[in-house]
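Quick setup: the structure tokens below cover two forms of a single protein chain, split into structure 1 and structure 2.
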Structure 1
């Protein structure tokens, strides 16, 4: 298990830029380093003045790395990878590979060999935009603000730099090729768990896995000594008339995906094993379950809280990983954990998006092509809220969300989308936020044909000048 948390900006504008970034990420996933997360890869204009030339666009990304190396050894590793890629340091704008160390742990340093945080990282939209995808609430060392607040600050003098990144490729994942053992019952699970030492992480799923689930396993494998996934379509979180019977079941493909991204075992119990006394939801989800998803699906969170509590008990995990797309679920599970006093860390992981911005979901496969185009509107209007919050909060230092909420709801309804809700909330309590004085979560849910989609975006006022 690796220890320090580092963020690295990757860039290339010479040769096959996509291949250069993929190769670099694979190299950063071995020898004392593990890639915990990576943004989508996107194009930006070359920043800088080059007389008589028009430099090629740059393909950018930001990755989070967990490493056992010290800061100087890690920095030297980045330079070595640039050299292996053919990087020429002669001042010309063409670069096969740029690997800039943005931060390393909580190190604040300025000397002849290294400045941390990177001296220009907070002034570059093509860095802050992908960084915000994977770590919006990361508090930048030496400042008093998070990445999302620094990104908002770029909107104040000029909205352009903050948007100067065009996503073009999904985040590449290293193929870790773990041997993934299938555990069909509690006896097999107990035997496997009894042999594990160190930190054990669990990723709970209902199957029909996609890149969002892969990202959870990716992070777990970077932070834990052993990774266990669960695949169980939980009947207690489906209400009558919902899609329990037609929920996609792709177990063999799921196991292959889990193995590629670093899971060591998958627990696939039957309903009879998890619910020996009959299927029933008997864990109180708490007040974070009120409203929004809880109002639209009144029995859902009791079912989620029940099955997750059962799986925490069965797996005896030290840490469990959940996607932030299901933001209310994350708040509910943290409340359940705290109320029951369970010794498990609950980690929220960034939402993984398609190139066009749609949050990945197992239910997206129900959408037809024309519906996919409409489905992207939800992500778009939440991004509108984020931009508006940054710009409008700057003069007064506070921002009232009411008018903008009405505007973005109207944008969705204009396209005949059925809006369940659109709001800005505190991510821990799921209570509405009306005056924005720090990061908050813009959330929304729409119905499109027979498919229900949810999404969210962090929004924030700009970082204060002293940050």
Structure 2
């Protein structure tokens, strides 16, 4: 029996919206269908004004359904569920239940009954935002981009969430079988590892997990036979006065997220276990660690190199997944792996962003609303650098990295943002690049109140006609 992977957007703004969504999800979890994942539920403003008034906000979610039904039968099932929920089809904006089929397998079609992918799904923040939560790296059929890339490219104004996203569903999805085994000590880890066969992938985190971490777990789950996550707030990578003590700790929610996205186990050691001879950073991070983060936080990369080396050793992972959001960390760890000759593959994964461009980070939760607006400027100016390089770096060489850097620095400082650095560098060596004759990385770090944020974007000059 073939199983297709379908994504469905759910919405309700009439009657008991929660009950309508819950009933629909339960119905999509039987008779040849299974709910493989569901985003959190979030309220969004209705898009558009009807007769001078804004209709009631809509409760939205996106679910991934695995189904043995064919596309037309599945689509008819969605229609029937809308009818069962008492949906009145008279063009009014109130809907007890709206089920939009976003994609079905790799089907691309347009005919009288159905258009796939859904014609407006890539222009709606209230679809892309929850979709990004459950499948950031899913490549949308008929397009060359992933959900997260479409979300990053969304430029139409979106009315935004009407209230904060709500916590994940209670039953029946919270208790979906696949729990993530918690390994509290080295003995439990060794026992688990000893039973694993095939390729073991590890995703190392400090907890307070979000969709960025989830994307690493998903990538690992897609490429490995077993996926291990680690949650450890590593003291050696924090300097005195940094946020070690107040770093957010949300272990239970982390385990639920890890299980939802395909991790089989989570290793959560204590500092005493990982540092039996006392907390010290003794792995030399190498020259990629010298500038930027390394200059601002002089002991940071030795701490990262030490803990990652210890965890590579303890987990005996075949492959290790890291976010490209922490680009310098990735460069440093590749150097450490090469220098020590360790047999672990290091994979860099794309940065997951909120709809407005802000890179997701556990530290974003320290930001107040007004700061959140300012924080977005960092990704915006890095995007400006990217576009400017793509448009202006003509073969004639009329483009100046320095001028662009000065312009975007001024843009940030105009908003009284404290700029630690902003530069264009080689992604492997983390050395500044001035002649843009190939892809490079625009990197930046700012301070907002007591919070430090970093981000980066790939930039690439246009292809040269004679190259």
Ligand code: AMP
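These numbers come from a predicted model, not from an experiment. Residue numbers count along the first chain shown, from 1. Rigid core (definition): largest C-alpha set, two forms, superposition within 1.5 Å.
Undergrad: Which of these two chains, shown alone, is the form predicted in complex with this ligand?
TA: Looking at both, the form predicted in complex with this ligand is number 2.
Undergrad: Return yes or no for residue 257: a CA shift of at least 2 Å between the two structures, with the rigid core superposed?
TA: False for residue 257: its C-alpha shift is below 2 Å.
Undergrad: How about residue 113 - superposed on the rigid core, does its CA move between the two structures by 2 Å or more?
TA: Yes; that C-alpha moves by at least 2 Å between the two structures.
Undergrad: Determine, after fitting the two forms on their core, whether residue 433 shows a C-alpha shift of 2 Å or more between the two structures.
TA: The answer is no, as the C-alpha of residue 433 shifts between the two structures by less than 2 Å after core alignment.
Undergrad: When the rigid core is overlaid, by how much has the CA of residue 75 moved between the two structures, in Å to one decimal?
TA: So the C-alpha of residue 75 has moved 20.0 Å between the two structures.
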